[in-house]
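Here you get one chain, nothing else, as structure tokens; it is the form predicted on its own.
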């Protein structure tokens, strides 16, 4: 299959799945920000995105996107490593290569570990118990996400850990977003700097949005 067998095809899959995950981050960040202004509105959204069939279908699509992105990240990293000439890393001027570009796989692995903790803090205490028909793991209903945010971020250590995780995501996105568009063909002297600027702005908005929710959760619970 061309998408899997060719280098360009693999990059296209990485780009499409990456952009899909960015769209999810924008939606997730926007949804979470509502909790700062109205816990009731946020809980209504949580109720809509409970264990309904469309929410479950969306969760499976999202999980598939994450898995594909990770698998092809390893494939591309391995093939790039095998294709790299001896002494390449010492011969090439490292200033020409962005730090994020050099460490995308490492950043991705850190994000994956943070994702596991995030799922244990929220998804495993809301949607998962509702799917299994068990009792919520915290005081409140399955849809009381606003209360769970306060409970989770009442711990300063957890807040610092989340903000550090958001920074790693920001770092990953600053390269990943424009690189994805570049891989899909938007690469010329006019669009290249524009894409990099847009990637930095969008990454920063996502970072600030998620961080604001953590800070607000801490302040509201203390």
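Please read these numbers as outputs of a predicted model, since none were measured by experiment. Numbering follows the first chain given and starts at 1.
Missing here is the form predicted in complex with a small molecule; even so, the following discussion is about that form.
Asker: Do residue 73 and the small molecule share at least one heavy atom pair within 4.5 Å in the predicted bound form?
Answerer: Flag for residue 73 set to yes.
Asker: According to a 4.5 angstroms non-hydrogen atom cut-off, is residue 105 in contact with the small molecule in the predicted bound form?
Answerer: Yes, residue 105 sits close enough to the small molecule in the predicted bound form that at least one of its heavy atoms falls within 4.5 Å.
Asker: Evaluate residue 120 for contact with the small molecule in the predicted bound form, applying a 4.5 angstroms cut-off between non-hydrogen atoms, and reply yes or no.
Answerer: No, no contact at 4.5 Å.
Asker: Residue-level contact is defined here as any heavy atom of the residue lying within 4.5 Å of the small molecule in the predicted bound form; does residue 111 satisfy this criterion?
Answerer: Judged by the heavy-atom cut-off of 4.5 Å, residue 111 is in contact with the small molecule in the predicted bound form.
Asker: Judged by heavy atoms and a 4.5 Å cut-off, are 21, 25 and 172 together in contact with the small molecule in the predicted bound form?
Answerer: Checking in the predicted bound form: 21, 25 and 172 are all within 4.5 Å of the small molecule.
Asker: Work out which of the listed stretches, 193-201, 65-73, 48-56, 151-159, brings a heavy atom within 4.5 angstroms of the small molecule in the predicted bound form.
Answerer: Looking at the partner contacts, the answer comes out as 65-73.
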